[in-house]
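We begin with a single chain expressed as structure tokens, specifically the form predicted alone.
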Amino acid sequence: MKALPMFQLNGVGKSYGMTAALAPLSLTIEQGETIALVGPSGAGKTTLLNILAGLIKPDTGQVKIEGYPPAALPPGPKRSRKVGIMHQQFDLIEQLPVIHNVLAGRLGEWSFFRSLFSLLVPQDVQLARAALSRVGIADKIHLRTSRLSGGEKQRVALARLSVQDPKAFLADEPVSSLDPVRAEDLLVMLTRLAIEENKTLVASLHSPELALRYFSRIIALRNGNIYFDRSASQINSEELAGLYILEKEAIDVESAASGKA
């Protein structure tokens, strides 16, 4: 039997006041896909990720997460097994040791008392250590998180997502604060983890080059609309670069092409 799509959106739109963050759009994301969301700032990438995660409710349309509406997956075990998200701000508690931030990925599965006890005596230590080993910082397990570099904090966030073990990884600008070398290093780890464990991966990126290099499908957004949605192998660099032309420049280019400039 064919697996249900990981995500299915039909006519989904979202506005903030008079500003349309996401125009009504429809798309299907199958299980196991690796997808990059690209587009200029304000294109709707973060809004779309938050809708996929069930963190915000769209104004119009329907969302299904592996066949379930988000309302049927309240915060807790049901949702944490379906979707996990890495926010751009890391969402780490700087004053706590690394192990506590990693094990926060298990809170959706644990009871209140086990979660509370874990603050005193960390639970599932070997699970946390294995996750940190996969991202190359097992030696930082007992270090205070505030002492880590930005790249190391991103790795902690990835380890936390790994121990949560959801079916879908969502990542909002996971490499925006990293230099080019560390950005590629993190994307290698993120995509390898998704592929090895057959996870669905949807990540927003500002770099067209990284999107083409590490993801199999590209969904480009512009002004809240889908600009294009195709396999990475079917997209050329010029087309992708055109996505980032400013609105006035795009009008000028179109006018010149039609002989009206």
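Quick note: we count residues from 1 along the sequence shown, nothing fancier. Note that the structure is a prediction, hence the values are computed from the model and not measured.
Another form exists, predicted together with a small molecule; not displayed. Remarks below refer to it.
- The stretch from 44-52, 191-199, 232-240, 209-217 that comes within 4.5 Å of the small molecule in the predicted complex, counting heavy atoms only, is 44-52.
- When contacts are defined as a non-hydrogen atom within 4.5 Å, none of Y68, L161 and D165 contacts the small molecule in the predicted complex.
- Contact check for E173: a non-hydrogen atom falls within 4.5 Å of the small molecule in the predicted complex.
- Although the partner is absent here, G32 is not a contact residue: none of its heavy atoms lies within 4.5 angstroms of the small molecule in the predicted complex.
- For P40, a non-hydrogen atom is located within 4.5 Å of the small molecule in the predicted complex, even though that partner is not displayed.
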